[in-house]
Ligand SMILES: C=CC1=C(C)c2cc3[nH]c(cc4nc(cc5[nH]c(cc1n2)c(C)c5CCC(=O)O)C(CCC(=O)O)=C4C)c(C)c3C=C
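One chain follows as structure tokens, the form predicted alone.
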Amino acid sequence: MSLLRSPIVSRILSRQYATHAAGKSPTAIVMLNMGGPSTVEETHDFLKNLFMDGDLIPLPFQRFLAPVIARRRTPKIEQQYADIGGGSPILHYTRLQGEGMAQLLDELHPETAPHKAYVAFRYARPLTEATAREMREDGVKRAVAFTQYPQYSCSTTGSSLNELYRQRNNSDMQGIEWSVIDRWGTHPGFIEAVAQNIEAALAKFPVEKRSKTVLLFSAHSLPMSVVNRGDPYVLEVSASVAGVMQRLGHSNPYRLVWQSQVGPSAWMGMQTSEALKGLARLGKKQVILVPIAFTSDHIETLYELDLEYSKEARELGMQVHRAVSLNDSPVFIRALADIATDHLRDCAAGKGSTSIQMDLRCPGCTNATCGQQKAWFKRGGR
């Protein structure tokens, strides 16, 4: 085969051509997520931003309490980040996933090529304001806000969209046509990627024990004050679990449990730690922990699941493995590209709305601005 005709070279050349097309600005795919401190030194600022967010953690007198709580928790959380290697890898994996997605998008939807992935974290760098500046420098005119939370919550996706709303008058955001992908927790590619990682974890057990191994799907919990006002997150996480179990043929007993509770108020349960204790009392000795609401490794997987909960399980006489996070999974990256492709096609066909106004309101959120119901949002979940 001629070198110039090889698929790899053709792909590289076509992407270079698309990227350098004269006068054509990139279509921005803005990956929204919570983020995490890339170094231990960034921990305090991350925590302060997090506790200041009333959409995520509603607090009385938030403006005054949040800095105090962040300062008190910083030494403990700094040690946790030190224990997992000196910082969160979420930025590394989000960029890796975004670059892979953009390359596939150039092939799957050349009408809007070139595509470029941007990262907009809510509590850690790069923050939304910095990302908007980068987009302006690149001459972006069309952008898709693509949540990297598979399941919708006003506390997570809603908070990131609130921040976009607050930035709407920023000069760097002017003249950009936006649409949104706000949930995709039952997309077949996402379900397949999670299921494959579970199957790989099950393979670590002897064949005769696999069918009795309990799958504990662990998701970040929510305060009951948020759940009780009708937030869809719990139902959407449940739908993701149901999809994975259907793909696995309901091969194993399973539970949906919750982690990362903060503070004394009531949160969604039961907690992952308590579920492990309950399984031990029932004589269940083999468990797989499955991160179902996270798209890459960060402190909740590397510290809570791998160090805290796994240690507790071993002390209870249990054998525990964790299904690896999606991270650099080719199946998952293809799923992201498929979701974005379907969204762009729907928008082009007039099935989805776009807007440069970012006029969004949602009564379910603390700030009533997450835009869950507004027309300019094209719901991208499948």
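Keep in mind the model is a prediction, meaning the values are calculated, not measured. Residue indices: 1-based, along the sequence shown.
Missing here is the form predicted together with the ligand; even so, the following discussion is about that form.
- Contact between residue 183 and the ligand in the predicted complex is not found at the 4.5 Å heavy atom cutoff.
- Using a 4.5 angstroms threshold between heavy atoms, residue 98 stays clear of the ligand in the predicted complex.
- By the criterion of a heavy atom within 4.5 Å, residue 306 is excluded from the residues contacting the ligand in the predicted complex.
- Taking the partner from elsewhere, residue 254 is found to have every heavy atom lying beyond 4.5 Å of the ligand in the predicted complex.
- Proximity to the ligand in the predicted complex, taken as heavy atoms within 4.5 Å, picks out 44 to 52 from the listed stretches 44 to 52, 309 to 317, 326 to 334, 343 to 351.
- Within 4.5 Å of the ligand in the predicted complex, a heavy atom is found for all three of 36, 57 and 155.
- Among the residues 272, 213, 221, 131, the one placing a heavy atom within 4.5 Å of the ligand in the predicted complex is 221.
- Interface residue among 81, 118, 217, 146, judged by heavy atoms within 4.5 Å of the ligand in the predicted complex: 81.
- Interface residues of 60 to 95, taken as those with a heavy atom within 4.5 Å of the ligand in the predicted complex (partner not displayed): 73, 77, 81, 88, 90, in sequence order.
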